[in-house]
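What follows are structure tokens for two forms of the same protein chain, given separately as structure 1 and structure 2.
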Structure 1
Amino acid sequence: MSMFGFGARQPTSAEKIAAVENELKMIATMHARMTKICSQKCIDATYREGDLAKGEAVCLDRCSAKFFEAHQKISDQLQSQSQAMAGAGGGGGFGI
């Protein structure tokens, strides 16, 4: 039925829900990873103080920004690399 173009077939309810759920899951995982890593890098683990020190707070802000930048950079790099590989390897006709 759907020889041309994707999306000709309507996704089922379960598929649509799963797609949104997966996206949210990915975001939650990324948030958890970032929290763990930036806490490890920025927070003094002796806990002599209950408050976030100014330096720690600034460190957390910068750490999270850098985490996102690294995420973006690596994602771009992987994408261009896999595109280059697909281009070199070829595969007849239109890229599938």
Structure 2
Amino acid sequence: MSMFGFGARQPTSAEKIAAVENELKMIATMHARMTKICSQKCIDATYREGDLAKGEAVCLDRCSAKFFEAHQKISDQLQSQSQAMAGAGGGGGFGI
């Protein structure tokens, strides 16, 4: 909070740590979902070869890129909506 009691409250160290932990959990969850979905889509379940075939590798690359792009777009939209809601309900300064 600012000297005059206006402005946003600053997060504590514990809140910052919790936010980082939540971010890491979200990234780990996204990675697990992406791995599962793209593996099911791109890798033959019979495992005929020890290495990935070229088609499987290309499919995995494209699938993971699309998954990440979709995740990024959704995250950006949610963040902008969250900021818009915070801005609409906030205020409390000089002339605001």
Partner chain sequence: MDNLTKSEQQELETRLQKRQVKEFMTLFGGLVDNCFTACVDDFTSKALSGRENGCISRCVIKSMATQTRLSERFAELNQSMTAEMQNKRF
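Between two forms, the rigid core is the largest collection of C-alphas that superpose within 1.5 Å. It should be emphasised that the depicted structure is a prediction, and the values quoted were computed from it without experimental measurement. All residue numbers here refer to structure 1's sequence, counted from 1.
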Point to revise | Which of the two shown is the form predicted together with the partner chain | key: 1
Check your understanding: So with the core overlaid, does the Cα of residue 24 end up 2 Å or more away between structures 1 and 2?
Key -> no
**Study point:** Core-superposed comparison between structures 1 and 2, residue 70 Cα displacement 2 Å or beyond
**Key:** yes
Revision key, fill the gap. Students should find the CA displacement of residue 14 between structures 1 and 2, rigid core aligned, in Å, to be 2.4
Practice item. Just grab the Cα shift of residue 79 between structures 1 and 2 for me, core aligned, in angstrom. Key: 7.4
